[in-house]
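So this first bit is one chain, no partners, the form predicted alone, shown in structure tokens.
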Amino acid sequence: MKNSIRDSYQAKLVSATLAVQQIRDGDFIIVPTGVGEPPELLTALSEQRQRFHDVKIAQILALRKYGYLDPATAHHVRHVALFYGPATRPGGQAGWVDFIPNYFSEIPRQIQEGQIGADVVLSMASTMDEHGYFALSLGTDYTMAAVAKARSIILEVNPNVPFTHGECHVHISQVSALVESSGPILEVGLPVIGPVQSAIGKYVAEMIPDGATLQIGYGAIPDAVVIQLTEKHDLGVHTEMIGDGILALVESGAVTNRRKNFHPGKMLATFALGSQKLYRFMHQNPQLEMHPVNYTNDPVIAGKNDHLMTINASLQIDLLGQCGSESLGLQPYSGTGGQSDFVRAANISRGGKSFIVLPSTAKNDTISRIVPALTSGTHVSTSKNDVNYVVTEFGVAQLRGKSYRQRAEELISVAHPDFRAELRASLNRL
């Protein structure tokens, strides 16, 4: 490593307490998705939160409950969710965490155009390479757009963060301050998969051919699909999240990326969420590239992959095919995320298929998730014009190209038998 690069690193290395003093009242702070959030920096900011006024922190899928997530001090530092995570959902439902509706793929452009602020970036980063570059590999997402716009870029450098290939690198000359940490990266385990999830996974897996390219969302049902793909051949990956499910497919030999027509031989993702084993797998892996979300999730770009198979979960779907995937009535739960991006991408892809997956019921079979109309106030995540395959444990409904009545019949056929008569009685209202 050149002396000038090393000297620059040492000059910018400070404590977390000093680093967050670069934040000013009124600043809009960008934090990466999920495990890309920097714990030392956000803890230091939390400890000093009462000295700030009107500071906002924007993030998709916050995972840890930091001290600043406090209704009593929200006027000092306030969270602005781009997608609710477990740490921010209660605040969103109570009204002291804000929310900005978005398509995941469009957040970088909103930052570039000033619709979403980006005064400061706080991010985890890999150790610096000999050329002075860090990798923002855990959450490349919208953070790279913020790096290009922000006044202050403050990185938490941790040797457990993988250094990956792709468009995810920040040079020491761009950095305002550095903080070092050494703790393990937060792990997020695979969800519990039961018989309902396994049945849904089987239906989807049967429709995925050898050589297909996969986008797999987070959740028990997408992971249930993954488990049943280990005997497939030459699968590829173009996704937003790389997790342990995809790692299992690589280890089984099912994913080779050899038959991809777009970025052949490469897996593309924009954030990581999984185990220490996953993070080690990512490090310097020439098979993997981490790119900003306006590249991975742009429907036109992702749709360049032939036979793109996209698998995403929903909470509720009505007989027109409208998906309510992010709220329970008016009660916010998550966000649009990349679901709509990848449904549209699969529709563009030659030979592509998009799957919306959900159990047929909720609350111990007392409530149907397939309904005549979405519960009042439910946010429509994916439109009726885009949804194609809907899969429950009772089968597959195919919607595109079908009339309202035909769609309803398809959806009723995969509803729980206890609710089919009630759903059929509602057909005359369509």
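Residue numbers run from 1 along the displayed sequence. If you're wondering where the values come from, they're calculated on a predicted model, not measured in any experiment.
Below, we turn to the form predicted in complex with a small molecule, even though it does not appear here.
The shortest heavy atom separation between residue 292 and the small molecule in the predicted bound form exceeds 4.5 Å. Contact between residue 367 and the small molecule in the predicted bound form is found at the 4.5 Å heavy atom cutoff.
Taking the partner from elsewhere, residue 217 is found to have a heavy atom lying within 4.5 Å of the small molecule in the predicted bound form. Taking the partner from elsewhere, residue 316 is found to have a heavy atom lying within 4.5 Å of the small molecule in the predicted bound form.
Listed stretches are 44 to 52, 24 to 32, 389 to 397, 359 to 367; the contact stretch with the small molecule in the predicted bound form is 359 to 367, by a heavy atom cutoff of 4.5 Å.
Think of it this way: in the predicted bound form, the small molecule has a heavy atom of just one of 335, 321, 274, 91 within 4.5 Å, and the residue is 335. Though the small molecule is absent from this view, in the predicted bound form it lies within 4.5 Å of a heavy atom of just one residue from 137, 213, 312, 296, which is 312.
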